[in-house]
Ligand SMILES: Nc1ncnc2c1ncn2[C@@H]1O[C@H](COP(=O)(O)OP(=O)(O)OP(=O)(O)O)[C@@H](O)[C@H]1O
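First comes one chain, alone, set out as structure tokens in the form predicted alone.
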Amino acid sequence: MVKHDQAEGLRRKLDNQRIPKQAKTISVISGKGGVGKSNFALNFSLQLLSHQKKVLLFDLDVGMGNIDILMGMRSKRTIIDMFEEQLTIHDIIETGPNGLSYIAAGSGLNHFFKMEEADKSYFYDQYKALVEMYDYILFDMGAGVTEDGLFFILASDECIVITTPEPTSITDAYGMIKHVVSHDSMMPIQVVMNRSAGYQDGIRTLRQFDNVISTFLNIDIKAMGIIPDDKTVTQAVIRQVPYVLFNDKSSAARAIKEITFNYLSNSKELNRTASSSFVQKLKQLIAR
């Protein structure tokens, strides 16, 4: 009996070892522009990196890609080049501050988001090469949603919605969440309240937002955290330096550090079965 239990335990251990690590794919989204979505995606990525996580930041902001600008970088290649020149995805990965891997969106990205089936299949084939290389892959999506943008969002493991306390921002964030869950009611969604006048104000607004979502959409969202309104962020953008590197003692930097620490503390294990991976969901969406 003991030998049988030991043999069974060994088989389970070997089976687990056969399951390759799959990167967790996160879509960072917003209902409107100008809420600090790209800045969050960049600084959150850098903080994940500081916790010894392997991170790839993928700029998919339609026609408005600015991740490289926020870092003061000049990208050699973009996602557009991958399709037009049939490059491998490794050819377009650039290196930013602190060794952060990123892919730039470039300009004129509209044609990428009007993808043919061949383009989707090509992206699928290229993306498969990434999922065992990284722990986290973040998509900085364009504000709002397009048909092809939704293609990537629905394949993601989870979404992080960025909003501010402004009524128009809250309304647009609600609309964005409603649109996503109308296609996938099980999509895990977390919300960051950016540019809050104060911590208590931010918490109160997040709770009100949560109540509205729960009442009218009948889903549960998770409050990821509050980032205060901080002039350091504007100064960092002007200098083209991520604010966690520009002034790591600033209130915004301290907030993003706390958000990242709590996220990692509460995050599920990265080892998942292939059936739950981004690549598998992407394949299913292509087959529709």
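Residue positions are given as counts along the sequence shown, with the first one as 1. Please read these numbers as outputs of a predicted model, since none were measured by experiment.
The following text describes the form predicted in complex with the ligand, which does not appear among the structures shown.
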Q: Let me know the one among Ser169, Asn194, Ser156, Ser75 whose heavy atoms come within 4.5 Å of the ligand in the model of the complex, would you?
A: Asn194
Q. From the list Leu56, Val233, Ile256, Leu49, which entry has a heavy atom within 4.5 Å of the ligand in the model of the complex?
A. Val233
Q. Which among 194 to 202, 83 to 91, 125 to 133, 174 to 182 is in contact with the ligand in the model of the complex, heavy atoms within 4.5 angstroms?
A. 194 to 202
Q. Is the gap between Val241 and the ligand in the model of the complex 4.5 Å or less for some heavy atom pair?
A. no
Q) At the 4.5 Å heavy atom threshold, is Ala143 in contact with the ligand in the model of the complex? A) yes
Q.
Considering non-hydrogen atoms and a 4.5 Å limit, does the ligand approach Gly225 in the model of the complex?
A. no
Q.
I'd like to know whether Val237 contacts the ligand in the model of the complex, with contact meaning heavy atoms within 4.5 angstroms.
A. yes
Q. What residues of 33 to 61, in sequence order, lie within 4.5 Å of the ligand in the model of the complex by heavy atom?
A. Gly33, Gly34, Val35, Gly36, Lys37, Ser38, Asn39, Asp61
